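Consider the single chain below, provided in structure tokens and representing the form predicted alone.
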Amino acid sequence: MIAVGGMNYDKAMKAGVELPIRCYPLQAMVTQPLKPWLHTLVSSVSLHTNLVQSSRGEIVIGGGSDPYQLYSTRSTLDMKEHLAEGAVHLIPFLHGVRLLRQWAGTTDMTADYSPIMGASPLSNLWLDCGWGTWGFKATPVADKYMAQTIANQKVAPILEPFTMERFATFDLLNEMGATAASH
């Protein structure tokens, strides 16, 4: 099974399978630890910013992916400023809280912002990719149904809408509202 995040496209190409996905840098940062107060994820589609508090008290700030295809994992000042502005707009008392670190990774996205799950064009090669910025939220249920799919050698009914064939038939899914971070 190919399920390697931002490297899915490259790994599939090594097997001769071209995936309809593109990779984009995705950045996040954390603040100094604060006493626990944020007990839910706060997200703004219009600000392309989300916040959650870690178990150590740090506020994890994430949001929009960079607007260009790139495999770089270098963080940028532009995105740092964008995320900080969004965080302070959502929760004004964060103004003046120190940032400890910033990082970047790559994320792979499909044209319809929905994952590709199921069989590849090659026998016994399975795909679980193109999750974009929301794969970590759906991993437990996705793993369950992908395990069933591979064990039974048949795509689980719940995964059928996510097959790669939808791109050839233009039967795309309308999931653009599923993630606030990619558009």
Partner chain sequence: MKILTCPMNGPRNINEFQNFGPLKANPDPDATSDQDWARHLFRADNSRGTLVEWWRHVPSNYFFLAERNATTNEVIRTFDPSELEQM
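All values derive from a computational prediction rather than experimental measurement. Numbering follows the first chain given and starts at 1.
The discussion below concerns the form predicted together with the partner chain, not included here.
The stretch from 117-125, 43-51, 145-153, 63-71 that comes within 4.5 Å of the partner chain in the model of the complex, counting heavy atoms only, is 63-71. Of the heavy atoms in Ile21, some are within 4.5 Å of the partner chain in the model of the complex.
Using a 4.5 Å cutoff between non-hydrogen atoms, Leu173 does not count as a contact of the partner chain in the model of the complex. The shortest heavy atom separation between Glu160 and the partner chain in the model of the complex exceeds 4.5 Å. Remark: Met7 counts among the residues lining the partner chain in the model of the complex, judged by a heavy atom distance of 4.5 Å or less. In this stretch, 92-111, the one residue having a heavy atom within 4.5 Å of the partner chain in the model of the complex is Ala111; the partner itself is omitted from this view.
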